[in-house]
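Only one chain is shown below, in C-alpha cells, and it's the form predicted on its own.
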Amino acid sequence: MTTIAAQSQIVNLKSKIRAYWALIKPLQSGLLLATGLAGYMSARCPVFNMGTILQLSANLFLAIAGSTVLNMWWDRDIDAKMGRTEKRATSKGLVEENEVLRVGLILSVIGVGWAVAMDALYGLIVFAGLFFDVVVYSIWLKRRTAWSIVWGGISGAMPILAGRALGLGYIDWVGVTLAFGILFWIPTHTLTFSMKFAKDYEAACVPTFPSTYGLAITRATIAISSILAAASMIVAGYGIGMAWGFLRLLGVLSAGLLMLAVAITFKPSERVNFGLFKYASIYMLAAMILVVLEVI
C-alpha cells in the first residue's frame, strides 16, 4: 500500500509539474529570456563570464515565469470562455487557485530579488517589466481597452533593456532602441493573433484592435509597427557596431517582415495572417542570435 501511495504521489507531482510548465508558456518565456541575454551580450561583456550569464538566465527566467503564472491566475475566468485557452490548467481547475497565486508570487519575488542583488538598476528594470505586465497590462487595462497591448509591449521590452543595462551599468540609447524594436514588434505578433482568434476574444469580452477599430486599421497598425520594429533593430545593430555582413542579413530578415506586413495590408488572407504571426517570432529570435554572434 505504501508503494502504491508513493507511486500515486509521484504521478500527481509529475502532472502538476507539467501543468505549471505549460502555465509559464515556455516558448514565449524562452524568447523573452533570449532577448535579455542578447541585450547583455550586446554590451560586449566577456563571453566567458559564465557566472553572470547563468545568474541573469536564472533570475530573469524566474521573473518572467512568475509574471506569466500570475497572469494565468488573474485571467482564469476569461480563459475559460475562450476555445483557445479553455484547456489551461487554471481554466479547467486542474490546479488550485491559491496555489497558483502563491507559485506566481514566489517565482516573481525570487526572480526580482535575485536581480536586485546582482545590480540595482538591472533589478529595477526587471521589476518594471513584471509590474507593467501583471498590474498595468493584465489587471488594469486588458479588459478595458485595446491599447493595453502598448503596455504589454513595454513589459516585453524590459528584458533586453535590463540585459544591456546589466552589461554596461547604465541605460544608453542603443538599449532604448533595442527596447523599441521589441515594443514595435509585439503588435505585429499580437494583433495578427487577435485577428485569428477574434471570436474567442469577443466571447470573453476582451477588447482588441479588430473589434474596436476594424480589420483595415488593425492591418495598417501591423504594417506601421513592423516598419518601426525593423528600423529600430537595424539602427540598434548599427549602434552595437554590428559587422556589415550581419547588418545586411538583419536587413534581409527585416525585408521579409515588411513584405508580409505589406501583404496583410493590401492582400489580406488567413494564410498571410498566420505566416506573419509565425515569421514575427522567427524574425526576433534570428535578430537576437545575430546580436550574440556579432559579439562572439
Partner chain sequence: MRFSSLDRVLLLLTVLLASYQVSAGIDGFGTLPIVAYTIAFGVILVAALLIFILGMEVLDSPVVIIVSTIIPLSLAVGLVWQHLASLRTSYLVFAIIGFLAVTLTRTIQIPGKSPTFVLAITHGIAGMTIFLLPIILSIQGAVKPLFSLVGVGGALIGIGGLFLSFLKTGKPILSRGMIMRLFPMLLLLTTALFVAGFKFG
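As the structure is a prediction and not an experimental result, all values here were calculated from the model. Residue numbers count along the first chain shown, from 1.
The form predicted together with the partner chain exists for this protein as well; it is not shown, and the discussion that follows is about that form.
**Student:** With the cut-off set at 4.5 Å between non-hydrogen atoms, does Tyr20 touch the partner chain in the model of the complex?
**Tutor:** The answer is no: Tyr20 has no heavy atom within 4.5 Å of the partner chain.
**Student:** Lys278 near the partner chain in the model of the complex, any heavy atom under 4.5 Å?
**Tutor:** Residue-level check for Lys278: yes, a contact with the partner chain.
**Student:** Just checking whether Ile282 would be counted as a contact of the partner chain in the model of the complex - the rule being heavy atoms within 4.5 angstroms.
**Tutor:** Yes, Ile282 is a contact residue.
**Student:** Within a 4.5 Å heavy atom cut-off, is Gly51 in contact with the partner chain in the model of the complex?
**Tutor:** Gly51: no, not in contact with the partner chain in the model of the complex.
**Student:** Taking the partner chain in the model of the complex, would Phe246, Leu249 and Met259 all count as contacting it (heavy atom within 4.5 Å)?
**Tutor:** Yes, the whole trio is in contact, each within 4.5 Å by some heavy atom.
**Student:** By the heavy atom within 4.5 Å rule, which residue out of Ala43, Leu37, Met242, Leu253 makes contact with the partner chain in the model of the complex?
**Tutor:** Only one listed residue qualifies here, and that residue is Leu253.
**Student:** Please identify, from 25-33, 225-233, 259-267, 64-72, the stretch that has a heavy atom within 4.5 Å of the partner chain in the model of the complex.
**Tutor:** Residues of 259-267 come within 4.5 Å of the partner.
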